[in-house]
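Read the single chain below, which is given as structure tokens and is the form predicted alone.
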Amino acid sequence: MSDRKQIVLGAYFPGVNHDTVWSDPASGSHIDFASFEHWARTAERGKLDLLFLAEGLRIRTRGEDFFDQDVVGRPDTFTVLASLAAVTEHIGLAGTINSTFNEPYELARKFATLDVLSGGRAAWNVVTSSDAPTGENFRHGGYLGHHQRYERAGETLAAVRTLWDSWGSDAVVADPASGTFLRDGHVGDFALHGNQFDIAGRFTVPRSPQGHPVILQAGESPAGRDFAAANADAIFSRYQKFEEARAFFDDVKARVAKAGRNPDEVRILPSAGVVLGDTEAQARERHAEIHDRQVDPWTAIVLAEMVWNRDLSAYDPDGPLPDVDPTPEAPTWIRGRAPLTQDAHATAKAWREIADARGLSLRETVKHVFDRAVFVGTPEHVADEIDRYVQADACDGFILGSHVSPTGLDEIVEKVVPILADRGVFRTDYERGTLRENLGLASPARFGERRPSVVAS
């Protein structure tokens, strides 16, 4: 094993936004179990750390119409991950589940069950939602403001951990001689009283192999970063350019230390699209073709509408950016996807500056902003870049993916991962048992102890 920093690698399943080119001849079903199974088996063949499923709780619409560039529909995350547990042995199973619209008891029970069934491979990506249209699927006027979202997320996670800790690792005696099954009469007891929840009862799932499934988070605002730093085992990042990634890494690790935790026990993992070629020129040409399909003229208009929050169909995608201001105060025009920005006016200003400096059209500006292919080049070049980011503390690894499902991961596993393994910065085989162990994370606080949680201010 190399004394250099070991790289964490995961894989995301395409299919919740325009980055997935479902019309590509190589693209398969995003619903059939065979697609999920192929993806999972490929990732495990490459000895990757975890699989990652994003979440879409409402079909994206523009006005009252579907946006057909998106893959429409996604099966339930828990069902998919439980099914994948049966066809894999080592790889982690991470699901994005919303804390705004789910109850702590249900969350604790489902993730503990997944952890038991998978032998300690479950992970929860904790997300919140400020999307009122999505909330309509769950409760009348189902909307929480920014402050309340993180208050609820903090209470939800604290409650879930309390439920997981209500069973000690020695709670089950199962002694035939004495006829005793449980150690005492208080196993599973819990009582929680807060601003968001007032619940008490008895939790039913024994302590799982990891104690606590791995917690993932993707906080972006200052409150979100603080929440992630105080609570998460791994943090997703949208910062993919090297200097931005390193700045995010330094900022979050400092917040982790401020929260009283060891920064070395929190992993920072940006997502990264990969486009390979036999030569650099071939890879760049292939990337240009793919990105042209990801952001076609109509998609460029829709992505701009997510910032402007108004109908921009009268604008020419090959012409300049809209000459009108965003209207963030108006009713939501694009529904079913998180806002692209907290400050639409600042974002529009930044886009105009990019367009003016580079002489770009509306579509070209959108393509520039939404280029998610972080690594474009030969397998050797991509391996070099992944390693460079990690060794320079711009991140601890990546969640990798492609524009097609389910086979897009194949060439990454077959061509890039072996180079990293040969260099001694990535495993050649699984050595440990649980996801937490494979990630090099400490065991959770022992029974009865509590980690801190953060409420946004």
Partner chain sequence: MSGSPLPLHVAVALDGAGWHPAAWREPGARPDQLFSARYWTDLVRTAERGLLDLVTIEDALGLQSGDHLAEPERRTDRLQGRLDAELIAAFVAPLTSRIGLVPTVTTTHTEPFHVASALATLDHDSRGRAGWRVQTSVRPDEAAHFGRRTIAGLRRDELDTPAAKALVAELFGEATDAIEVVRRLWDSWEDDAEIRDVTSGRFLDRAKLHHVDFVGEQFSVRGPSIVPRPPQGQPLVVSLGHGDEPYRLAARGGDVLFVTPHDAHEARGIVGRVREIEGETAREEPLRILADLVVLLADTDDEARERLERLDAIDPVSSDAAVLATTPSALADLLVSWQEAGLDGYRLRPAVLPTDLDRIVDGLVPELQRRGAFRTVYAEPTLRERFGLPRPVSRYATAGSPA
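Nothing here was measured: the structure is a model prediction, and the numbers come from that model. Positions refer to the first chain, counted from 1.
The same protein also has a form predicted together with its partner chain, omitted here; what follows describes it.
- From the list 320 to 328, 270 to 278, 102 to 110, 356 to 364, the contact stretch for its partner chain in the predicted bound form under a 4.5 Å heavy atom rule is 102 to 110.
- For the options Arg427, His30, His38, Lys415, the one in contact with its partner chain in the predicted bound form, meaning a heavy atom within 4.5 Å, is His30.
- Think of it this way: in the predicted bound form, its partner chain has a heavy atom of just one of Ile334, Ile199, Ala223, Ala158 within 4.5 Å, and the residue is Ile199.
- When contacts are judged by a 4.5 Å heavy atom cut-off, Pro176 counts as touching its partner chain in the predicted bound form.
- Remark: Asp264 does not count among the residues lining its partner chain in the predicted bound form, judged by a heavy atom distance of 4.5 Å or less.
- In the predicted bound form, no heavy atom of Phe242 sits within 4.5 Å of its partner chain.
- Contact annotation for Phe249: none of its heavy atoms lies within 4.5 Å of its partner chain in the predicted bound form.
- Residues of 176 to 208 lying near its partner chain in the predicted bound form, listed in sequence order, are Pro176, Ala177, Ser178, Gly179, Thr180, Phe181, Leu182, Arg183, Asp184, Gly185, His186, Val187, Asp189, Phe190, Asp198, Ile199, Ala200, Gly201, Arg202, Phe203, Thr204, Val205, Pro206, the criterion being any heavy atom within 4.5 Å.
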